[in-house]
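This document starts with one chain, in the form predicted on its own, laid out as structure tokens.
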Amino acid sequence: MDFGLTDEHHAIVDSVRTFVERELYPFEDEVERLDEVPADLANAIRAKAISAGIYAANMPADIGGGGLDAVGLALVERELGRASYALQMLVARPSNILCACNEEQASKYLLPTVLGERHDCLAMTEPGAGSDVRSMRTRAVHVDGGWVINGTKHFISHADMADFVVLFAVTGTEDSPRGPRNLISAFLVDMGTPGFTLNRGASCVSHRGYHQCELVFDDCHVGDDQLLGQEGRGLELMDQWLGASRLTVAANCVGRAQRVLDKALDWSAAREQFGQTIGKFQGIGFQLADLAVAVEAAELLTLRAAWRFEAGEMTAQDAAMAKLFASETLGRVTDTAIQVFGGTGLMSDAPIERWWRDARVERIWDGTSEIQRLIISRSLLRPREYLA
């Protein structure tokens, strides 16, 4: 593995960091206060991101995307991760699942999404099916000319800003050594389709302005042409997305952790107590040193996984390690920053408490820390035939 970045990579970092600092940072307090991104602001940010050439950076260049390699994309995610989630997600990175679109679907869903004309969201999680995806109960039954969908999804991020949903639903069962198990398929479902209702979910402590929603399907009919990929092969599409998604979370966490650490360092170098700056006290200085090591290690794990992804060698363990360590490092950094800032850190007019709250969800979505540890432990033990 070559740890050196190319000139192109350095240029990408400079470009995205400049965009984040100029176009996103100034609006973070407003979004926090309103718990939403005003429509005119959202449209302006998208337009500027498209103009800057950083919109849809994860999609292939031959369909209008940025065409970045995996390392370049991890660097983009690291820089975007510094900013408020509600704002940085406007610099869209459409789901790579859409690359499974056939020619007709591509013209209606994939290409307009890459161009910023339409916006997608993914719907997997249900009230009774989180980490155990196969236990989902939303079901699609085949009828003449299409499918009838019934069920409920929740915790669906930014569905209120989407034009269509990539929906996962049960379409049958198959035998397995452990008995029958659900077959999952993916569908493209437009907002406003009869029988499909979107409800705003409860307020979340993390990432204000970036909402989670409930999707209810009550005899919702979609055509055969809205099946994405092959029937019963939805989990394969999902797995392709999850690896990339976990790298995204890891890189976002690294960027945010570095921003928080920088703030804690600035404070420790300026705040004086007992005749000296607090960073000179070992109780503070050693904690900062440990955090710097952890952030560096999280970044290296993330870039290593990205490098392996680009080489076609990334395993589920690689992505899980990066996501686990980076998200838990961010939690540690934000919690320590609160301690370093003392009472000031808990005040709502300071960004520290916001970053602390925002960090909490990173250990839950896209696979909890426990799920990541399960993936890692099974990967370690499987060659030793410990697991049946």
Partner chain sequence: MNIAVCVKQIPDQSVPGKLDPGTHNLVRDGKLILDDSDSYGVEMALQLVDRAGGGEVTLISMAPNGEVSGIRTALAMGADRAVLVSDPSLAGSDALTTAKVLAAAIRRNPFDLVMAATESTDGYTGTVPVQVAEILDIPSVSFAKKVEIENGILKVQRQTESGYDEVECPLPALVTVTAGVVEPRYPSFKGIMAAKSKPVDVLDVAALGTGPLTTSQEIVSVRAAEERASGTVVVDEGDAFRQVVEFLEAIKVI
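As the structure is a prediction and not an experimental result, all values here were calculated from the model. Numbering follows the first chain given and starts at 1.
Another form, the form predicted in complex with the partner chain, is not on view; read the next lines as being about it.
Segments offered: 351-359, 61-69, 34-42, 325-333. Contacting the partner chain in the model of the complex at heavy atom distances within 4.5 Å is 61-69. Contact annotation: residue 23 falls within 4.5 Å of the partner chain in the model of the complex, judged by heavy atom distances. Within this chain, residue 47 is remote from the site of the partner chain in the model of the complex, having no heavy atom within 4.5 Å. Although the partner is absent here, residue 140 sits far enough away that none of its heavy atoms falls within 4.5 Å of the partner chain in the model of the complex. In the model of the complex, the partner chain sits beyond 4.5 Å of every heavy atom of residue 186. The candidate site formed by 8, 14 and 52 is fully in contact with the partner chain in the model of the complex, as each residue has a non-hydrogen atom within 4.5 angstroms of it. When the partner chain is considered in the model of the complex, only one residue from 306, 166, 76, 249 comes within 4.5 Å through any heavy atom, namely 76. With contact defined as any non-hydrogen atom lying within 4.5 angstroms of the partner chain in the model of the complex, the stretch 286-304 contains no contacting residue.
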